[in-house]
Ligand SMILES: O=C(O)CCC(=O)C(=O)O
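This document starts with one chain, in the form predicted on its own, laid out as structure tokens.
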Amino acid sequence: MPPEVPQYASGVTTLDAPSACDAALWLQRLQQDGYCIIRGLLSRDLTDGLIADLAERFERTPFCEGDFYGGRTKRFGGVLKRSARAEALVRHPMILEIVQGVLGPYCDRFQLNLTQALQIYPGQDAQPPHRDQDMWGGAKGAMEYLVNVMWPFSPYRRENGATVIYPQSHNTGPGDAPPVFAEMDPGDVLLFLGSTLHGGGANISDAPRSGMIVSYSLGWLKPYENQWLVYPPEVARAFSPALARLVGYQQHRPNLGNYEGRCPSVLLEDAPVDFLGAVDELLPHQQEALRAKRAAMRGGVVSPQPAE
């Protein structure tokens, strides 16, 4: 079991002045240590604007209940419908490129799993260490199920409950390295794998710390946040096509997540059609295999077995 007292995040997993060409480096760091911190990825103007957009929602949201969510913590989802600025974080090009590198080998298309804004208030104790991938019951260790992205709205410090990360605990790793506090400022970002052991820190300061977590999961999993209820068609019609696809208005080949056998993006049209004919959406190798089988059947090479 990892040591109880976390250390400060070291420079080993952080670099300054990020650029678009750094995605491969961050992906390497993320897969090596189970987490990485990128400094100065967002402008302060964007972060300040998002904070202002969400201020009333934070004020009116009640405290959570339960040992996991925390009785001195506020959380709310659906951030994309609460601020148009949130799309810049959810669809940040470098982040999406890193996520593709982690999840792409195991799915046709990854999806938005969650957007959640949170505030940890003074008096909140530390969250029990956990792995977010454990929300799904499948076998672990062979693939990553999700990538978490934490955007701070206020400084994250050891004293105010900065996220505690257990390096190299991903993919069933032992996590023998000392845990670290992910100390950051607005504009920075923390990425960690769904298999990485982590938890919210205890806030022993005199002010809340605020942030937003965005997570992306394999496209064939049930998402943590029910995206289609959070963003029904009347909401998603205002989204960009790329954002609508990310929240679920697309199929995961072959034909998974369809609406009447069609891509659910038909629901975002100005006048959705009631009567639709199903249309295949298959991976290229699946389409080729089906065509080959049909051709063989027509030629008498493959015959269906008679019904018994």
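Given the structure is predicted, the values throughout are model-derived calculations rather than measurements. So that there is no doubt, residue numbering starts at 1 and follows the sequence shown.
Separately, the form predicted in complex with the named molecule exists; it is not shown, and the next lines address it.
- For the options Gln127, Gln133, Ser83, Asn203, the residue carrying a heavy atom within 4.5 angstroms of the named molecule in the predicted complex is Gln127.
- Residue-level contacts in the predicted complex: of Leu191, Ile213, Val90, Leu218, one residue has a heavy atom within 4.5 Å of the named molecule, and it is Ile213.
- In the predicted complex, the named molecule lies within 4.5 Å of some heavy atom of Thr163.
- Interface residue remark: His170 is not counted as part of the site for the named molecule in the predicted complex, having no heavy atom within 4.5 Å.
- The named molecule in the predicted complex is not approached by Ile98, whose heavy atoms all lie more than 4.5 angstroms from it.
- Shown alone here, Arg75 lies within 4.5 Å of the named molecule in the predicted complex, counting heavy atoms only.
- Contact annotation: the named molecule lies within 4.5 Å of heavy atoms from the stretch 192-200 in the predicted complex, the single such stretch among 228-236, 192-200, 101-109, 136-144.
- Taken together, the three residues Phe68, Met150 and Arg209 all lie with some non-hydrogen atom within 4.5 angstroms of the named molecule in the predicted complex.
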